[in-house]
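So this first bit is one chain, no partners, the form predicted on its own, shown in structure tokens.
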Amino acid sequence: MSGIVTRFAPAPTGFLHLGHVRNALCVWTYARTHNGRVLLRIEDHDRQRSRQDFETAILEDLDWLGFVPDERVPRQSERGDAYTRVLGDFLRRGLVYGCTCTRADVGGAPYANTCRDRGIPIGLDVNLRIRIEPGVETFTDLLCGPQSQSPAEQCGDLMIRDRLGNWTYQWAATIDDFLQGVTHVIRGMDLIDSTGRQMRLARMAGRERPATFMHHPLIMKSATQKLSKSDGDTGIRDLRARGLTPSDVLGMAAL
């Protein structure tokens, strides 16, 4: 083995669609080409939207398509102790604060760090945020080339746990990639803007060497819209019901 470790990390909030298959193709092709390993991780940090029937269907479709992981790691709903341990270190360093701002309060703009200095007690009924100071993160994407991002300007202080007790995607994915030894993160272009903030967060958590990133093109249903689980776009189960073979589906998803 080369030491390369990547992961396929679906969220069980809907059925597998062609966009997921493209990502799986990129993940497994890169790993096999470089004699690396693929971890399968179920990202069910959103407990309100995650469903067991979706997870079961995702695993069945992956098996039907021939995507066999080298290891299945614990799903995120089983990782609370690990996230809490890392959070404890951040708390001791004074990097976490309570926040009562709602999604409507923030809107689509970067968070303005409204609650940073309000002294809101940290508890289970408030959001938790990490202080993100100014600074630039640079990386060379394997497909997109050199990138430069400023997390403090892009997103402000990061929310890591919401008032319902759900760990956020940014926190859970970053901590998992670090602690599970993921060396290469391969995902769609829609997530490239998350990279700088995840690199910053990982370094704050103690990761000395950042992961390598590759962001591949999405499968689009129009010039401006990507495929969506919530819209039921090109679901693999629907394609199977129409009589398509795994080779047919893989061909449709290929770059």
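The numbering used is simple: start at 1 and walk along the sequence shown. Keep in mind it's a predicted model, so treat the numbers as computed, not measured.
Just so you know, the form predicted together with a small molecule exists too; it's not on screen, but the next bit is about it.
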item	value
4.5 Å heavy atom contact with the small molecule in the model of the complex for all of Arg22, Glu60 and Val249	no
4.5 Å heavy atom contact, Arg187 and the small molecule in the model of the complex	yes
Leu191: touches the small molecule in the model of the complex, heavy atom cutoff 4.5 angstroms	yes
Interface membership of Tyr169, the small molecule in the model of the complex, 4.5 Å heavy atom rule	yes
Partner contact for Pro10 in the model of the complex: the small molecule, 4.5 angstroms, heavy atom	yes
